[in-house]
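Just one chain follows, in the form predicted on its own, and it is written as structure tokens.
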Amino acid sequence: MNKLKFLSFGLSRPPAKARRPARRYPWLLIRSAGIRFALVYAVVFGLSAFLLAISLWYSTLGLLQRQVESAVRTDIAALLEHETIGGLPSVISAIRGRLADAGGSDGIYLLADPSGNRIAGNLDRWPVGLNNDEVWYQLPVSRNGESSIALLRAENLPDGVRLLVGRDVRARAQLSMVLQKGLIWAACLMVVLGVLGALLIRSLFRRMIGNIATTTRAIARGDLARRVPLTGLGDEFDELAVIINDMLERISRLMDGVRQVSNAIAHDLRTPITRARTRLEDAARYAREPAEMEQAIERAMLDLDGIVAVFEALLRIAEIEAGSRRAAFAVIDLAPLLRDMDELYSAVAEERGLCLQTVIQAPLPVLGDRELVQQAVANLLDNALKFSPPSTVILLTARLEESVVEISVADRGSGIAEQDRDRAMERFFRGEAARNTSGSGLGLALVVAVAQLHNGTLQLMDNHPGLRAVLCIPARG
């Protein structure tokens, strides 16, 4: 039976022996993002330092090489000119003069006959391996009985005589050794600095990720007040922390809103549901005529229609906040829309003994949803009509101010206390002045949702007396 039960549940394993702790191998450290960033930094730093060292090496030695070659070419050209003017004796005299000059101590000269015997110069013999003319050679030579290293170049003269000119490059070889040792030490230092920099980057990365992980774990345990700490340096880590904290603040507000909405729904809908049930129950027990039953059912239906209207408003707000209507945005002019609303609501205001005055500039271009903006302005006008005393004026204005379309609805009613204005835009909030009026407390919440969908704002201000609601939407140029 146990075996069949194990097979029937499909793919789970026996709990006692199946799960073994995963072994950790050193190569798995590469799975750490911090180590990967550190390795990338170390590699980039090392390559940059290596390329800099190689560039320094070749630029220094290359400069010396070019200087030596230029000096040898100049010397050869001068000696060939002596040969052209004065023949071989002039060349011999020029070579002896150069060797007698104290500044020519690194110069190497050899003038040899066709048999290879020295005619003039400071080399003991023709260097072994130097066979071609007009080609650069770097060979060991013996100069005045001393071994040396020379950069040499040979030229042919008339009658089979050969001229060899060069420079002693022992100093350059010594400099090369000094540079080589310096670069080796610099490479070691670069490796140490690269490792230290990699460790520092890994530490910074782990600290930031650790702060985020600690905060998210605390939030997962229910501590919604926890936030990612800032370093105070204003760097990218602080920018990331600010973004995450803003996101957490929004999540916290949404959670509070969900709780408030749940409580408000339970509180506000309990009364009409209870009233509808009581009426139907009374009708079922005590109605004696069909007319009484129909009247009770109609009243219950009105209560239920109010409940349905509340849920429809909630669903509409949720749809707006989800941003699903943004795909239908288009560039629209609000001026004609507001004039149409003026004609409609002027008649309604006149029936209630009020006066609706409008001041609408044109054009008022925005990128948005015409229906949603119309619904938002209609909610503001409905509130103004509802709370305005008779024989007062409601002012609807719309203007373009600094790339923002500003729509204002001002009334002369009881207004909203300053301490309640922020809460007035929450769902189901009803101030003291609205306790005895019809409504669900969702009108301003829908206006706020429309404003946020259009990257705008809703502001509630004192109209002295009354309330002035200002809906701002970015203009589209």
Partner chain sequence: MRILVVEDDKDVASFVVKGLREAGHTVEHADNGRDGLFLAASENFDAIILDRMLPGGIDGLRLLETLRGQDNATPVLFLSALGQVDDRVKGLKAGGDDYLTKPFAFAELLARVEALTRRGKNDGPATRLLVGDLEMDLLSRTVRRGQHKIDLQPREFRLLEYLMRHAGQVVTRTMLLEGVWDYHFDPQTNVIDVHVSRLRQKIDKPFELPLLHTVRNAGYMLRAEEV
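Positions refer to the first chain, counted from 1. Treat the numbers as computed from the prediction; the structure is a model and nothing was measured.
One more form of this protein, predicted in complex with the partner chain, exists but is not displayed; see below.
Comparing 106 to 114, 282 to 290, 146 to 154, 333 to 341 against the partner chain in the predicted bound form, the single stretch with non-hydrogen atoms within 4.5 angstroms of it is 333 to 341. Contact annotation for R270: none of its heavy atoms lies within 4.5 Å of the partner chain in the predicted bound form.
Mapping the unseen interface onto this chain, A347 counts among the residues with a heavy atom inside 4.5 Å of the partner chain in the predicted bound form. Residue contact check for V228: none of its heavy atoms lie within 4.5 Å of the partner chain in the predicted bound form. Not displayed here, the partner chain is kept clear of E401 by more than 4.5 Å at the level of heavy atoms in the predicted bound form. No member of the trio E69, V72 and D159 reaches the partner chain in the predicted bound form with any non-hydrogen atom inside 4.5 Å. Residue-level contacts in the predicted bound form: of C355, V308, A187, I212, one residue has a heavy atom within 4.5 Å of the partner chain, and it is V308.
Only one of Q361, N245, Q374, Q180 lies close to the partner chain in the predicted bound form, with a heavy atom inside 4.5 Å, and it is Q374. The partner is not shown here, and in the predicted bound form the stretch 192 to 223 never reaches within 4.5 angstroms of the partner chain through any heavy atom.
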